[in-house]
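Single chain ahead, written as structure tokens, the form predicted alone.
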């Protein structure tokens, strides 16, 4: 193992692996480090991936990881109203993937591009010189390694220890974190094997929802995301929901997953001298549905271009690397701010108000497609206009949020 690298990437999730591939493609000596002993495991993910991100990442769906084609969603209100979204007609399809296989697929591509991987390796400290990050000190299965580099990329998840070591503020208040708990189950009676199911209601999932993501004709990820400050655990909500749904009486668990989901704005600073954050470490996560895999994959090419230019100019200062944050925020910053506004609006609603919104959609006053718009920070105005006669209080609340 060499001691000197152009770039060391800490964290071998989708963000780190894709960054490693893109950096290697630009002929930079790249090392990807992860503390896990296996790429892709354990997963902390519902495993949904839009076809848009597959295309942006330059990938083609592969049956080794693209488990189930998804052409829409079914939203279920607190009282059981079903809203069917046909996203195929909008050109917004996707897949429920096998995340473990997907990450190994990505890693193989990165290795073919020239990146090296070092697993079961925990970063214990950063190498610092004159206020610049110059590498990492890591423990590789009992051996202490000092690995030097021109730039370190922190792709180590939402709490980003590496970012904190470099002096970046990556602390996330519990109120801005959702708690997720999920079972992968077989023997599931699915409403439609090609549509995601999303269940809403304060008693079902405070500040979140229950999801059923099909991975086959009778296999699905069944999970819940709730506020991280709730008195009950996510598992309690999910177990109670399953007990109350006879559709799952013949199903059984084949895998258990859990994790935290950031539902807030990106970190204030992505970069420092010789270091930058990407993926969940930078909180590149949609605040309303918690998906961050796509934007993390996309960020790989953005950061690789910036790092290559910085190294070629022998200037890896915070000011130079900030170009990455500027590019990413220019593309996604406004959208994510609007999405956060939408999430805050729906947090204010009780079940009766959620039911009123579902009712105007079921009655055809507005299209179900508005819920796809909401996931991109748009559509609140359409709901306000559709509901103003039946529920002026909700319309007024929407207009107040729009003005903010």
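Numbering follows the first chain given and starts at 1. Treat the numbers as computed from the prediction; the structure is a model and nothing was measured.
Omitted from view is the form predicted in complex with a small molecule, to which the following refers.
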Legend entry - Contact flag, residue 279 vs the small molecule in the predicted bound form, heavy atom cut 4.5 Å: yes
Legend entry - Touches the small molecule in the predicted bound form: residue 237 (any heavy atom, 4.5 Å): no
Legend entry - in the predicted bound form, residue 102 touching the small molecule (heavy atom, 4.5 Å): no
Legend entry - residue 23 within 4.5 Å of the small molecule in the predicted bound form, heavy atoms: no
Inset, instruction - Among 354-362, 331-339, 29-37, 56-64, mark the stretch whose residues have heavy atoms within 4.5 Å of the small molecule in the predicted bound form. - result: 29-37
Legend entry - Sole residue of 214, 292, 266, 274 within 4.5 Å of the small molecule in the predicted bound form, by heavy atom: 292
Legend entry - Answer option from 166, 123, 85, 304, heavy atom within 4.5 Å of the small molecule in the predicted bound form: 123
